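Next up: just one chain, as C-alpha cells, the form predicted alone.
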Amino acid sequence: MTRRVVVTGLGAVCGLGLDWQTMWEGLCEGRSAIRAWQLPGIEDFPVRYAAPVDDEAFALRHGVDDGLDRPMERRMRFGLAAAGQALADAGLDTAAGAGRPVGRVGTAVGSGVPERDPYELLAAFGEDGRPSWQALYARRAELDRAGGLFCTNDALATGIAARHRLRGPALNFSTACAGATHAIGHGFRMIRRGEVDAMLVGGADSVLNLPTMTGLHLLGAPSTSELFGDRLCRAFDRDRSGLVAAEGAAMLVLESEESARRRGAEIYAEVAGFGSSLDAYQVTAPHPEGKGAALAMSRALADGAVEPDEVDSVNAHGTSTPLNDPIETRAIKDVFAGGGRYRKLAVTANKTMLGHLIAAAGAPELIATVLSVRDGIVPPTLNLENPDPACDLDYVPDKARHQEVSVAVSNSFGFGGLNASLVVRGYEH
C-alpha cells in the first residue's frame, strides 16, 4: 500500500516565538533569536551567544493551565507544548478526556541526550573523595527524578504519547542533528505503508546546559567569537566561525490524505519523499566531497518521484561552521547539476535566525519549508555580508523572497555523518 502523506498540524516553541505562527512571522521578517548568553553561575564559559527560549513568557503561556509548571526536563517541557499545539491544530487533541485513545496515531520524535545536572554526580562520591555506589544509593532521594540520572532517551516520545493517549508506535530517534528529520521521515513512511493513519512527528532539545555545551565545545562546534554580536550565525559567509546553539521544539501532524479528507482537516502541504545516508567518514567532519549529503537528497527526490529540475528551494542545514557550508554547497550543486538547476534554486538557512536546535533542528526547518510552499515565501539567510567564494549559490540574503515554491527540499546533516533530507510539495487533490 502506498498512500499520499499530508501535513495537517503544526506546533513550535523556540527563541523566535512560542507558536508556529510567531516563528514563521519572525523568519519571514528576518528577525533573529540569537542573543548574548552565558551558562548560569559560570561567567568565563567561552561560548557567549545562544538562542534560548524566554522562560518567563513560556511560563505565562504554558505554565499552570497546560500543566507544564511541574519539574521536568527542558526538552520535555518544550516538546509537550509543541505537541499539544500541533495536535490541536490538526483537530486531533486527545488530552484531558477530549477524545478516545487514538490507536491509529503514533509518535516519532528526535531528541538529544537527557539533560544532566553535573552536580548530581557528586552524590556518587564518598567522604574520601572516591566513587562510592553505596553513597549514591543512600542519597538517591536527593536526586531530581524529573531529569538527570533518572531520565531516559525515550522520555520525550513516551511522555508525549502518554499525555495525549496516542496508542500507535512510539519511536525516539537519537541521531544527532538529523534526529528530528529521521523521525519525520520514518513517520512519513509508516503512514505511506498503511501502518498508521497519522503520526505526531518532530523533535525537542535543549543543549544549553554545562555537560552538553562542554561536549560541543570540546568538539569545536560552537562559535566562541564575540566579533559580530547577535549576528554571529553567518551561514555561507567567509567570516563564519561555528554554530550558535539553541533550544526548543517543533512538532507536525502527518496524516494520510484519505484520513485528512475524511475529517475535513486543513492540509498545509504534502510530504513527498525521504532519504537518508551515512558519510562513513569521521565523527566531527562531513565527507569532503559531500557524498553523503548528496546521496540523502538524491534518495529523497527518488523516493518522491521528483526530478531535480522540479525543485524551487532548498532549506539548507546551513550551520555556519567552516566545514559544513561549502560541503553542503558542493552537494547541492552535484544533485542539481543537470541543466544548471542549482543556479535557479533559492537556498535559505533558518539557523541564522533560529540558532541550531541540534537534535530538534530539522523540525522547525521543515515547518518553515511547508509554509514556504504554502505561502510562496522563502525566508532569508541573515548576516551574509562577505560571501565565501566556495559558497556560490543564491542564498536569499537579508530579506525574504516572494516566489512560487512548488517543491522544496529540507536538509539535516548530523555529527558522525548522519544525513537526512525531506521533499515537500504543494498539495493538490
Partner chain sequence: MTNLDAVRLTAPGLYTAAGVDPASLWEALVAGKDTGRPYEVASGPWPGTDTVFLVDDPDAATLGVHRRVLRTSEKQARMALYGARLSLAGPAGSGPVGGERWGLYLGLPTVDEELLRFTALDGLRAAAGSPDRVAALYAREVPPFSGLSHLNSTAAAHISAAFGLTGAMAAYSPFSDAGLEALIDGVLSVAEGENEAAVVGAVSPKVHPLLFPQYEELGWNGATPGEGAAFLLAARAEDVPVLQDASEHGGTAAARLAGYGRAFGAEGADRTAAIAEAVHTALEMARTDADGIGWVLPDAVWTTAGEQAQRAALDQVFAGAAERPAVIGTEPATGVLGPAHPLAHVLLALHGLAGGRRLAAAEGGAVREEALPVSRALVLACGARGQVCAVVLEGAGR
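Positions refer to the first chain, counted from 1. In this text the structure is predicted, and so the values were computed from the model without any measurement.
The same protein also exists as the form predicted together with the partner chain; that form is not shown, yet it is the one meant from here on.
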item	value
Contact assignment for the partner chain in the model of the complex, among P308, P322, P211, G91, heavy atom within 4.5 Å	P211
Partner-contacting position among S256, S223, T329, T175 - heavy atom within 4.5 Å of the partner chain in the model of the complex	T175
Any non-hydrogen atom of G84 within 4.5 angstroms of the partner chain in the model of the complex	no
Contact label in the model of the complex: L166 to the partner chain, heavy atom within 4.5 Å	yes
is_contact(G340, the partner chain) in the model of the complex, heavy atom dist at most 4.5 Å	no
H182, heavy atom within 4.5 angstroms of the partner chain in the model of the complex	yes
The partner chain in the model of the complex: contacted by all of L171, V283 and G416, heavy atom 4.5 Å	yes
Contact stretch among 347-355, 182-190, 329-337, 241-249 - heavy atom within 4.5 Å of the partner chain in the model of the complex	182-190
Residues within 4.5 Å of the partner chain in the model of the complex, restricted to 285-299 and counted by heavy atom	K291, L295, R299
